[in-house]
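Only one chain is given next, in structure tokens, and it is the form predicted on its own.
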Amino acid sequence: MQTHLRGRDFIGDLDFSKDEVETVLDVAMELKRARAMGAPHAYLRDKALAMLFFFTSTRTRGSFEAGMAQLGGHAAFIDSETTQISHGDTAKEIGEIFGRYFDGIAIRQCDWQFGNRYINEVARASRVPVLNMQCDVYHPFQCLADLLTIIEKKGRDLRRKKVVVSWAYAASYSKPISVPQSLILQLTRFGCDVVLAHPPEFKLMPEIVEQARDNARKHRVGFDVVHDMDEAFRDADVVYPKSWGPLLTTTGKEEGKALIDKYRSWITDQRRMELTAEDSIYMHCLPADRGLEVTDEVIDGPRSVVYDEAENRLHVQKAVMALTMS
């Protein structure tokens, strides 16, 4: 157990070592048990968290607000569009001022080639921990929840478990690439044989892919990139298919939509699930585009763990807040 996380930022997945992530998971499990037993765990009594949102949210806002309340503190929802942030407050000013008002700052800023830079600029000016609720590069809390869920379903020893991180078709909008990037970075540190599947135009950032390869070599696990969804799914223990935009190919809306529409067949249906291992699980960070990314039969079926996964956002976030803000 690592005991030196107080005051630390959590912006990128590799900001915490593997041992430190294991500490977070251990604390998350204890907090999950405490909540199930109705045991008080107000480790952040009288503490306040600033939650700064540039993008709308359901699970992120709800889980952070509930988590702070359960830890005995308060979470302040701050919308960038209804504050002076939209009229001139700089990242440095937010870090300096909110770092004096609050005991932690959590930010969701997913603008491509800006969000991560903004969060880090706030962190440089802040005297309190800065937590990344999602940016254009990483979604670290979602990935911690995913890792906890996989461990709960598949056991602590994940070596030789095949986990597929796949692109899927969705028409709603060009979604960030942060979820798949966080997954390939974190899961290659925990023994999983990771397969990344996507159409050729939907690449992830090359430096992130190279870091995942380095992790795989260091931990002696597999990491492969394929462009066939059926090939990826074959004999998988865990499948995590979700949409993301072709941001490294084009940022144009019309061009992006045309590329997305080329791959309508990349849907998770029962036929594809039958390619996987007999006891495989289906995961998604939600919201999913039903009928496009995944069929109702799959997401509402017995192999789906999406609600357990969503619940675990609460527990891992409470763990990180308790460890960094106490």
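For every residue, the number given is its place in the sequence shown, counted from 1. This is a predicted model, so every value here is computed, not measured.
Beyond the structure shown, there is the form predicted together with phosphoric acid mono(formamide)ester, which is absent from this document and is the topic of what follows.
Interface residue among Leu286, Leu259, Ala34, Leu292, judged by heavy atoms within 4.5 Å of phosphoric acid mono(formamide)ester in the model of the complex: Leu286. Exactly one of the stretches 295-303, 261-269, 25-33, 58-66 approaches phosphoric acid mono(formamide)ester in the model of the complex with heavy atoms within 4.5 Å, and it is 58-66. Interface residue remark: Gln142 is counted as part of the site for phosphoric acid mono(formamide)ester in the model of the complex, having a heavy atom within 4.5 Å. At the 4.5 Å threshold, heavy atoms of Arg108 reach phosphoric acid mono(formamide)ester in the model of the complex. Using a 4.5 angstroms threshold between heavy atoms, His315 stays clear of phosphoric acid mono(formamide)ester in the model of the complex.
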